[in-house]
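Listed next as structure tokens is one chain, alone, in the form predicted on its own.
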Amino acid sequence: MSRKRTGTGTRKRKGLGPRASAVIPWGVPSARSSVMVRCSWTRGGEFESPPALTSPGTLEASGTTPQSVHRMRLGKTADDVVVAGGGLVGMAVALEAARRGLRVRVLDRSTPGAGATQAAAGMLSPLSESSDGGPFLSAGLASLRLYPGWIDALRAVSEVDPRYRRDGKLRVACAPPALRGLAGLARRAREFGLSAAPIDGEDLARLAGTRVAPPSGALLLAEDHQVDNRCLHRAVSEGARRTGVAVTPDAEVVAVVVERGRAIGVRLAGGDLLRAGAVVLAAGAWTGGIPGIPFPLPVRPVRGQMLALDARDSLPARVIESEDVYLVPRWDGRLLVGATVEEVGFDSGCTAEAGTLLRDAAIRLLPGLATAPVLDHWHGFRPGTPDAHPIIGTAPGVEGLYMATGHFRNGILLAPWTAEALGRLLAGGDGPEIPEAFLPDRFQRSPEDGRRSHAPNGG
């Protein structure tokens, strides 16, 4: 029988090895490399290549205090940390560890950022994603508070604009039965001191910036933000590169190598052993299939499909979400429409049925989209867990093995919080304590413990 947990406690963790070098503060670009890269998009979802950089930039103090970090005593050919997974979470952890003075390498099974990170919508909505208070909402709100400073630091170190917006979200109840959910959302907002202002009539039209089908009710969630997830990954990746992180694409990790109870590195698909003082598993939906984890890790793929419409003639001014669909405006006139939640394993591909359902739901919410052409239709695999909480922290039974996975549709939201939490474990110094409800060893006790329900949509 599993022992009962509240899911709100925390445990202290120790860093790696003896104290060594000082943390590298977030910086500003050098005078020789001072052009901010505007993140761009072309049809098909690919970015333009960044311009060649003449200098990696100089990391200088930017409101942070240097602090001591820990480092393993390793051979010259070993990294301090190997991160398996180059999505946003893995890359953010790598950047934070490198900023704290560790030698870091990121390995990705394909192209870094081409999985769930690229498929997401970039909504930062902790309140909508939590059915109660609990540790998830606390971590989500804490991560949201980190975002403004994180974005400023990323712009400085990477010279890439992540296109972060803080203009709130309109949450609409299209049908009378959805009013109960809207009232519950407003109640939770009040409990946590967040703004959830009722909106109707002319105010709705003004705030939406386009015609909205007459709703049964609406709220403006002022603290909900959004970011262009693809631009954000590009900024984090470039920042990591400039901070000394080595990134290897097309390097599939097929096993964690363990000797005498300690992770000493990873084995690649080609047979190579890469040694490291610590291993971080951040491979998203694929994490649970990596051998070497000391117990079955119940991370599963949850397929999500999305559309992009050319909505330049009826683009809303901010995110709009109903009980059926969410609409995320982008700076270039695209409107992202999401998203399905499908338990189909790794069944790859998009379906015409899902595309029709998403487009019809978007038109019901914004009738002006009836003539908006579909630009793109894509899918991704979110990393789901039985209790819908992420898996963050030290793996029990294997020293030097850490996990940062299972974020489901909240990897974009929780990226800065996860990076700081893992940075503290890996290198010492400041960082949030990880709630027991997020720790990997909860599945060693009971895989079904602590279930939490999902919101109806999300990306």
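Fair warning: this is a prediction, and the values are worked out from it, not measured in the lab. The first residue of the shown sequence is 1; numbering continues from there.
Beyond the structure shown, there is the form predicted in complex with a small molecule, which is absent from this document and is the topic of what follows.
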* To do: Would you point out which of 369-377, 181-189, 249-257, 204-212 contains residues with a non-hydrogen atom within 4.5 Å of the small molecule in the predicted complex?
  => 249-257
* For residue 286, is any heavy atom within 4.5 Å of the small molecule in the predicted complex, or not? -> yes
* Asked: Taking heavy atoms only, is residue 408 within 4.5 angstroms of the small molecule in the predicted complex?
  -> yes
* Asked: Looking in the predicted complex, any heavy atom of residue 111 within 4.5 Å of the small molecule?
  -> yes
* Asked: Looking at the partner-bound form in the predicted complex, is residue 239 within 4.5 Å of the small molecule by any heavy atom?
  -> no
* Just one of 280, 231, 308, 116 has a heavy atom within 4.5 angstroms of the small molecule in the predicted complex, so which one? -> 116
* Using heavy atoms and a 4.5 Å cut-off, decide whether 81, 245 and 423 all contact the small molecule in the predicted complex. => no
